[in-house]
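Read the single chain below, which is given as structure tokens and is the form predicted alone.
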């Protein structure tokens, strides 16, 4: 018989102290190596990871809850966070004179199709862009497998992005100023009202935990906008990691209009510690890892007993997540959250198409062996 021995509380407290010191040391190291601005961005990324994992706030899971159980609480919290960011972002963008930019992108065939595919793929692996980072950081085996393929897919999607956008797209359409903010808030309220109408009895209350998480995420997103000069995003950083890996293996990216563009070519040569999206991505992974370490047994997730087709589906879904997110100009963070909160109409189209894709994705999971069939 095995007897479990409890770890002394003093030892556990010392370990948690080391976790805090490690986080502070990492931020300080980046600040010293790359500059105070980049250290601050890493700290913001850590905040995202701590909130997302620590308060169990996500995007893919709440969409699944609404589709399968008609529970809108998680999406309502997302809409609250978007509204709070919009209240600050719209005035900030109006008076920024180009120093701060929004997450504006054109609406087109590739963008809409990419959003649909992304919505389906994120339900297969139960993780969007930020969710995959968080789940990988906390030791989830499925996300650990999906993440590198997400990066590869994002790199490949960016490589041929211009070809896809040439299939047809509208000019960039944005809501701006006080009137644009008012329209955005009314649309958010309308979506919230629709969700409440469709909600199952007893699910119309948003838990306090999610309200707190939404407000904290909004504060961090506003901080990201101010410090980085651009909204919170995920996909570009992952694609950049894939591109750097390709270059390290000897690939010539001069044939890609996207990666050969001066700004992107410059980032390929520069350190990831000076890329704002990479820093917040690293912070999200690290923040989730720290939360998992903080919890007793938090990293001891067993390898799930899944059939081979489930692991193969995870790889394919990871590639599709990255590729489709690049075509759609973002994931739940870059397109939905940041797009809508900074006035880009493509964020609304992305939301509708991705949600439709998610309705398909939740039904693919059991077929692909990632969960028992109902």
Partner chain sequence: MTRRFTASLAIAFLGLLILFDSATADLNPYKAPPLLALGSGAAASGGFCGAMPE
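Positions refer to the first chain, counted from 1. Predicted model, so just to flag it, every value in this text is computed and none were measured.
One more form of this protein should be noted, the form predicted in complex with the partner chain, which is absent from this view; the next part is about it.
The closest heavy atom approach of residue 277 to the partner chain in the predicted bound form falls within 4.5 Å. Residue 138 belongs to the set of residues with a heavy atom inside 4.5 Å of the partner chain in the predicted bound form.
The closest non-hydrogen atom of residue 348 lies beyond 4.5 Å of the partner chain in the predicted bound form. In the predicted bound form, the partner chain sits within 4.5 Å of a heavy atom of residue 273. Taking 199, 253, 144, 156 one by one, only a single residue has any non-hydrogen atom within 4.5 Å of the partner chain in the predicted bound form, and it is 144. Though the partner chain is absent from this view, in the predicted bound form it lies within 4.5 Å of a heavy atom of just one residue from 122, 103, 115, 221, which is 103.
Every residue in the set 34, 227 and 248 has a non-hydrogen atom no more than 4.5 Å from the partner chain in the predicted bound form. Contact with the partner chain in the predicted bound form, judged as any non-hydrogen atom within 4.5 angstroms, is confined among 107-115, 190-198, 77-85, 280-288 to 280-288. Residues 326, 329, 330 are the members of 316-331 with a non-hydrogen atom no more than 4.5 angstroms from the partner chain in the predicted bound form.
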